[in-house]
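Only one chain is included here, represented as structure tokens and corresponding to the form predicted alone.
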């Protein structure tokens, strides 16, 4: 009963701090709302379209003009014509176009004579997504143009349609894009960027909440509220912030998979479990960081660095398996990595409990981290002998 009374006293104290310092709600609800609106509106069209692609037509034949028309008709590309390569090069260097394709002189004659014309393609590597998509688009159009010319030549020779297709495309590729059939960049990035931003906000805000007790010299008052029990003080704070961040996470999951209709093969209820576990693991990591480094400024810097590294070591942009072995092992120290595995098993494959239960165990293991630093954190709260800025 005494423990529960201590916890309730801390909860009331924390709610009073919320009213006195709006930065906590602004840094949590305000920040995640901004991120959600930003990402969901930025990727509202799914796949980038009308990418400006420069074309220099040195052939000016019916075949090259048809090629340019077909390029301009695609959803992805928007053709920008240039009279010479120098103008196109300046436009690409200034960022007006993402790529430049030079159609060689005599292309039509080379194709008609079964020679191989050489297309020259220039890509601005600074615009990785735009350049890669433009390259894919132009390569597809070149292959289609090549196939169309071959088909006309083979038809003129009297070859039947089945034999023609066998020569043009001897191997047919049947592609299945699991979980993202339309190649929607919003589905690809928002599903992980928003939970990653939530993890970042949790760690920063919770470290600030614990560090503020040292910064403003109120840590002894907090311990006095709980009769000197550091565990009760942490539990009281955890209850308040867990309710806050879990509510934000649940709204985030509803927004993604219910309101925005992001594809999900499994159950949204399981994703609720995943986001709550991510919240608990992130809070535990925040306690561990401030416990190891009970200096608010330094702890916030380390927490921010740790959270940002989690973006890279999660695996949703670059496969962790492609990294050096010691980096692969380091990735397990980030809650977001285990949330990503949970997410892929549930959203893509509907694996259920059998698919993601190891990740639940890994996320629950983070909850033991605060126990390793609680004594050190209490010493800092009592002695207040660390720098406060």
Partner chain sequence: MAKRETYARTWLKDFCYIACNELKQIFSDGGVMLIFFVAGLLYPLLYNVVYLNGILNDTPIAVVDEAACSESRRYIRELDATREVEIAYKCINMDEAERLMKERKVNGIVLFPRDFGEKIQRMETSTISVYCDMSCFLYYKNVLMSTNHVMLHEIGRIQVERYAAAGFTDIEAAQLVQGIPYEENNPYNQAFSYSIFLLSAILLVIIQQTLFYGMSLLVGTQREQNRSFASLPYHLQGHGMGRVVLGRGFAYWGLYMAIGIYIALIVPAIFGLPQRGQFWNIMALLLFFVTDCVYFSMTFSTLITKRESVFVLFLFMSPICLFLTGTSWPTTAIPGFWKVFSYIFPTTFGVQAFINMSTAGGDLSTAHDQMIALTIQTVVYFFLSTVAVYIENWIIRHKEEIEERKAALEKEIGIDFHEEDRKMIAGE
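For clarity, a rigid core is taken as the largest C-alpha set superposing within 1.5 Å between two forms. Note that the structure is predicted; figures quoted are calculated from it, not measured. Residue numbers count along the first chain shown, from 1.
A second form of this protein, the form predicted together with the partner chain, is not displayed here; the remarks below concern that form.
When contacts are judged by a 4.5 Å heavy atom cut-off, residue 177 counts as touching the partner chain in the predicted complex. Using a 4.5 Å cutoff between non-hydrogen atoms, residue 90 counts as a contact of the partner chain in the predicted complex. Put simply, residue 361 is far from the partner chain in the predicted complex: not one heavy atom of it is within 4.5 Å.
Taking the partner from elsewhere, residue 21 is found to have a heavy atom lying within 4.5 Å of the partner chain in the predicted complex. Annotated contacts: 135, 150 and 153 all touch the partner chain in the predicted complex [non-hydrogen atom within 4.5 angstroms]. Contact with the partner chain, judged by heavy atoms within 4.5 Å in the predicted complex, is confined among 249-257, 180-188, 232-240, 272-280 to 180-188. Of the candidates 81, 139, 268, 292, 139 is the one whose heavy atoms come within 4.5 Å of the partner chain in the predicted complex; the others do not.
If you fit the rigid core between the shown form and the other one, you'll see the Cα of residue 231 move by less than 2 angstroms. Residue 94: CA moves 2 Å or more between the shown form and the other one after rigid-core fitting. Positional change of residue 177 between the shown form and the other one stays under 2 Å at the C-alpha, relative to the superposed core.
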